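There is one chain below, alone, in structure tokens, taken in the form predicted on its own.
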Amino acid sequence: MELLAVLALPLLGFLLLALFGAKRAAPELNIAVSFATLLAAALLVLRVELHGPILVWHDQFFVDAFNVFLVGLTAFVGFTTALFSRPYMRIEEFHGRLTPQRLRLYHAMYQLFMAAMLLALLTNNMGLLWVAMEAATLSTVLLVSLYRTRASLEAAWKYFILCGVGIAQALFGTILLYFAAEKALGREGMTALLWTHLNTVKGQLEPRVLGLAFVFLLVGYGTKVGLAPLHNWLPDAHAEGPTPVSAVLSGLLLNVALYAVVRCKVLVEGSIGSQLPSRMLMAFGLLSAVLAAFFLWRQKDIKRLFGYSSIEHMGIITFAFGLGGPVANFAAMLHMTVHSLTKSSIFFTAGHASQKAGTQQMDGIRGLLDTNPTIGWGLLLGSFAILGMPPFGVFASEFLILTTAMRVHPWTTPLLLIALGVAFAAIFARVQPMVFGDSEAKPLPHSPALVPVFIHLAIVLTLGVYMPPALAGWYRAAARLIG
């Protein structure tokens, strides 16, 4: 029942907002649907915690400790982003950047995007997972192009082409997976792609076919993760789309795509009996972290800056999953959590800072502590958190990843330290003038929704100094499932 509610509520919200999304009460309806989805997700998390994994509806849907934690995180950030978007989008309408018809498109596509991500997380079918990722791509293309400016249309087109090519690679990898599964399971149709069935016979799957399939799956879904050199769509999509879209892209979509990669890694490593998939994840992760860190120095747009920061952190998480083992997997999931919460809070403050200054160019944003202290403190604390300053949770997860790398693959440690050091210097050098100094920015026509910012940062701070035993046990169980 809880699983059905998690899947059905965003779809119901999509239908309602497609009809009434231009009404004055549409933001409140968007919030209500997101809150109902969060409640359903919380009940699903509780059920899995108490009774163990769930396998329902002819084994088409599967919930375990790994994906249920991402379901809870996705529903929570989806709800807080809906809260933030209420005043933000009304300010955009006040400034004439959006019409009621485009707001209807925004609200409807937001719920469709949430439905697609939750479907991708909950399905047991690798084919349906691909369909859900494609649906998420199509819905976000419309969200990125919402302003209908030349730059936003170009960013949406680049996003569509690059992610379309990537998802086509993932489709070919899924077809190869089906061929291998059909031989081992002796089944045809959709049942040959059920992950739980494949996991039980992964040692019988053809290793060469699975190895080739993983290359296509990693390239395909890795494009959605934003791994270098497949990352070019991500900074443009963040810069040109509405800020709530940037928050859910960085905070949610990248996690879901990486979840798909990790599920595939479990199957392939069990089949080929080799660490090749892990080494590929480590290579792509290191390349992404180092490349994005140096690109941070060239950015002048505040949303592009933190878009590249997302590439860096997804590289770190990918690298951690490549390291493998209970500690690295634990750290990767902790980093997924704190990055999602921190990065979405940063985009919330960056969005309102840009609205106050009338520009996304960092040279035009100054004196946030004077003009709006809550926005200034939110951006400053969020930047400290994402840069791994103690006692925030990002420091804890990065410390675990670094110490594990030192023990398992010492040669990777200098590369990680270089990436972290360069990123720290680049972001701090740009945030400090925006927060301090003088400004003549005008007040916003609607009060900004900054409660979600400090809720997110409070959770990240708490996870840096104290982790509830239930949450730690949850992460450990998921780390064991990944292997």
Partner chain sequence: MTAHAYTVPILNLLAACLLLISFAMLSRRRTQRLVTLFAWQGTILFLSTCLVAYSSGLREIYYSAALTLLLKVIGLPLILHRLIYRLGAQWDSETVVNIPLTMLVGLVLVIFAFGLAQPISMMATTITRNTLGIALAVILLSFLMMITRRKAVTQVIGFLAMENGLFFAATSATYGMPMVVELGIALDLLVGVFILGLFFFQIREQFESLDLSNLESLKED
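What you see is a predicted model, and the numbers here were worked out from it, not measured in a lab. Numbering follows the first chain given and starts at 1.
Note that the form predicted together with the partner chain isn't included here; everything after this is about it.
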Check: Which residue among 174, 255, 412, 372 has a heavy atom within 4.5 angstroms of the partner chain in the model of the complex?
Finding: 174
Notebook entry, point to check: Considering the partner chain in the model of the complex, which of 327, 283, 184, 168 comes within 4.5 Å of it through any heavy atom?
Noted result: 168
Margin query: Given the stretches 374-382, 395-403, 134-142, 271-279, which is the single one in contact with the partner chain in the model of the complex, using a heavy atom cutoff of 4.5 Å?
Written below: 134-142
Check: Can we say 64, 196 and 477 each have a non-hydrogen atom within 4.5 Å of the partner chain in the model of the complex?
Finding: no
Item checked: Contact of residue 260 with the partner chain in the model of the complex (heavy atom, 4.5 Å) -> no
Note to self: At 4.5 Å between heavy atoms, is residue 100 in contact with the partner chain in the model of the complex?
What the structure shows: no
Margin query: Taking the partner chain as it sits in the model of the complex, is residue 312 near enough to touch it, meaning that at least one heavy atom pair lies within 4.5 angstroms?
Written below: no
Next item on the list: Verify the contact flag for residue 319: yes if a non-hydrogen atom of it lies within 4.5 Å of a non-hydrogen atom of the partner chain in the model of the complex, no if not.
Entry: no
Checklist line | Those residues of 217-243 which, in the model of the complex, come within 4.5 Å of the partner chain by heavy atom | finding: 236, 240
